[in-house]
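As a starting point, one isolated chain is supplied in structure tokens, in the form predicted alone.
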């Protein structure tokens, strides 16, 4: 099915103009998604193993460094390296979005990273959410949901974020020696947010049994991820009507695969994808078709995406969703012709001023969402007087500082909006006092800020 360039760019990507050779049919978009991840190779981000090597170095030597100036100096260098890695990972993430010919992959990575929200605790930890995406999300966006779910639940970033590291089985060896309490955060969010959805057929007893099943999964800076039998609740656990028993992580992995295949999970994921990409109130028939495709494929994600891309409702819905601040900035940078290598060359101050500070001012403090349910989708969350003022301020200031010469405003409007450029907007931009004002009007327009 051939899609209009503006639909591909606005609904499923980061904006016009499309790159040469960019996929413009549902089949080509899915083929690109199933193919090599060229952006990850071109703009690399460190994995958890890289992060852990440095975090472990700090944890092992922290006490000794207090009396050893040479060691203290070396550890300060490691701290600085972790902080710089966080900024470099942000730069790589921006570069991928502005350079990717198959933008659908980048949009899906952002969707799943928000679905499985984690957050950094401080500057040293800023790299953790990026490593989480690199390890647990990005490799699985075109695979099976069960594999992504397992990778997410076992990743140190998720274990830390939802306090699984503090969960102790009530009858575990550790509880008998030193006490400790069961933490239900991961179990609750795993069912409520990540799979079955709010209001699904599970009980508080299921949450507690699952929390007991998950005990043993832990992380600390010295040893990294581990399954610790001393923390694990002994004996079988019954969750959602099925009993799980076995050694170490085996029952946890079995439960996650069962959870990932449940029909309620497919329905929840289908609706959430449809809300994110198409409409805050998606067509129920499209959601049903997406869930059915997912179920028929035993939890494979590509058939669900295909059902969305090819459903008539995905093409007929009006542009009633707001571009979130990240989407707005990525679309603006793409439209201005900023290259991935340009972004990688930016210094910390430039990356902070162009991306981080504006995101915060627009209400989307990057990698620091308000809670484990991620960022809101509703248009009214993002299209506010303050948020619009910040977008207008960015649009009027930064294009002239990022590209030279600025494009002619009418040509720019036609390039970044395509068939969405209204006669009223084109009339306004040709009457702007200068190019900077004309380009700013385009980037501030409703046509640019809605998708």
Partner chain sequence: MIDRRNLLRGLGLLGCSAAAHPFLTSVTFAASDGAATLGENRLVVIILRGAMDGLDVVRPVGDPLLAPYRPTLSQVESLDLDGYFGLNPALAGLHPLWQAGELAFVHATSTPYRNKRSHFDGQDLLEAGTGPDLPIDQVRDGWLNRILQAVPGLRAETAFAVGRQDMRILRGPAPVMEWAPDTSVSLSPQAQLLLEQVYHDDPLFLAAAAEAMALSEVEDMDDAMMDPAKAGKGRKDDAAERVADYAAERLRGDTRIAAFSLTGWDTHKGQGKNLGRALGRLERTILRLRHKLGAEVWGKTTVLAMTEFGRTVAENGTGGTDHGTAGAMVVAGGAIRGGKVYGQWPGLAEADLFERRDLMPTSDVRAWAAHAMRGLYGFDRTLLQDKVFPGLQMGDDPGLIL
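Quantities reported herein were computed from a predicted structural model and do not represent experimental measurements. Residue numbers count along the first chain shown, from 1.
Beyond what is shown, the protein has a form predicted in complex with its partner chain; the following relates to that form.
At the 4.5 Å threshold, heavy atoms of residue 246 stay clear of its partner chain in the predicted complex, well away from it. For residue 185, a non-hydrogen atom is located within 4.5 Å of its partner chain in the predicted complex, even though that partner is not displayed. The closest heavy atom approach of residue 280 to its partner chain in the predicted complex falls outside 4.5 Å. For the chain shown alone, residue 47 is not a contact residue for its partner chain in the predicted complex, no non-hydrogen atom being within 4.5 angstroms. Shown here without its partner, the chain carries 181, 198 and 390, all of which come within 4.5 Å of its partner chain in the predicted complex through at least one heavy atom.
This chain is displayed without its partner chain, yet in the predicted complex the stretch 204-212 from 112-120, 262-270, 204-212, 346-354 comes within 4.5 Å of it by heavy atoms. Proximity to its partner chain in the predicted complex, taken as a non-hydrogen atom within 4.5 angstroms, holds for one residue of 146, 340, 363, 101, which is 363. Scanning 192, 228, 258, 124 against its partner chain in the predicted complex with a 4.5 Å heavy atom cut-off leaves one residue, 192.
Residues of 415-445 placing a heavy atom within 4.5 Å of its partner chain in the predicted complex, in sequence order: 424, 425, 427, 428, 431, 432, 433, 437, 441, 444, 445.
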